[in-house]
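Only one chain is given next, in structure tokens, and it is the form predicted on its own.
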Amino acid sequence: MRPDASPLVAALAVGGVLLVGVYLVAVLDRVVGAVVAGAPVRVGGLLAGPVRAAALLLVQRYRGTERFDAPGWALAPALLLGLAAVALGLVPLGPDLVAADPATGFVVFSAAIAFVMIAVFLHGWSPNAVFPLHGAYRYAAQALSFQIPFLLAMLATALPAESLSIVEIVRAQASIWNVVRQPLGLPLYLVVGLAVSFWGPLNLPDGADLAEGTSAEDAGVARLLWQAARAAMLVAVAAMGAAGFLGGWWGPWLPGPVWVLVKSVALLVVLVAAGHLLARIRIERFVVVAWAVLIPLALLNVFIAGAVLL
């Protein structure tokens, strides 16, 4: 939004983009799944599939567990959706087209990502059941492992801009994008982005081996909201990746907002495809890889980015 836009208009715009993004993730998931399985791609069915699935969940009977925490269960998806909205609201569509551009935008985004652990843990703890609680503890271990490489990968993008503002980070990529300047950055960001949004091979808290983990007791509207919140976080991660590494609004011929959309959708396709092409790994293996491989690589990426500036 332009600087003179009202907060209500900015909030409605971010909410609308998130709603479209969630629908797009659902469609992409079906399209990529059909392509990987070699099944015919029927456009009508793929476009109507998410709407039909959402309608079925809306009319599904509510289900609870014994002595569950009702406020916590209701708050968890709302918190995850809110954090996705905060992260997405920092992504600029143009130099003067952003919902919020605080001077410490990088810090705000990092805080939103850190609070995802609270939303997921609350979602697993509230049903007062074994599998959801197990999934919650899984995500706690997962989050403690990916937070450092995630922040380091994003921190390296702030070095060329010499600013923590997301707009300035994009502006600094006018001549060369960070994906070229920091070749390790985007792969690291995508790996830990899957962990943040617990999607595909890193969907450990809601894994099938735990009977869907934190979602095991969800039904009806509660399941729909949680699935929408997960997809919204994936959209926010993809959009911030486009801003931080792919030059945001910079690009020839097309208007800046179109370039942001194209780059965000491209990253969404990569993230969604990972869920169909890569097998889910065990939590203990991910923890070892995160501490022994991802963190050293992320530090190396920061050192290289700093050395280039000298």
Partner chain sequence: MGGADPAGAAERVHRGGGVAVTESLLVDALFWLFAVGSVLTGYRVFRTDSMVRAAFYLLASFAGVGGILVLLGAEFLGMVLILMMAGEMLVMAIVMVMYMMNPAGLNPMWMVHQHRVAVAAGVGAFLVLAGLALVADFPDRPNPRPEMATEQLGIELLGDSMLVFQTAGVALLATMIGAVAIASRRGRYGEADEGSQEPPLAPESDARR
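Residue numbers count along the first chain shown, from 1. These numbers were taken from a predicted model, which means no experiment stands behind them.
This protein has a second form, the form predicted in complex with the partner chain, left out of what is shown; the following refers to that one.
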Point to revise | Residue among V179, A211, L225, L122 with a heavy atom within 4.5 Å of the partner chain in the predicted bound form | key: L122
Check your understanding: Among V288, L12, L300, L19, which has any heavy atom within 4.5 Å of the partner chain in the predicted bound form?
Key -> V288
Check your understanding: Hey, in the predicted bound form, is R282 touching the partner chain, heavy atoms inside 4.5 Å?
Key -> yes
Review point. Does R67 reach the partner chain in the predicted bound form, with heavy atoms at most 4.5 Å apart?
Key: yes
Practice item. Although the partner chain is absent from this view, report whether A114 comes within 4.5 Å of it in the predicted bound form, heavy atoms only. Key: yes
**Study point:** Non-hydrogen atom contact D96 with the partner chain in the predicted bound form at 4.5 angstroms
**Key:** no
Revision key, fill the gap. Within 4.5 Å of the partner chain in the predicted bound form, heavy atom basis, the matching stretch of 193 to 201, 96 to 104, 214 to 222, 234 to 242 is 96 to 104
Exercise for review: Kindly indicate whether D29, L58 and Q60 are, all three, within 4.5 angstroms of the partner chain in the predicted bound form, using heavy atoms.
Suggested key: no
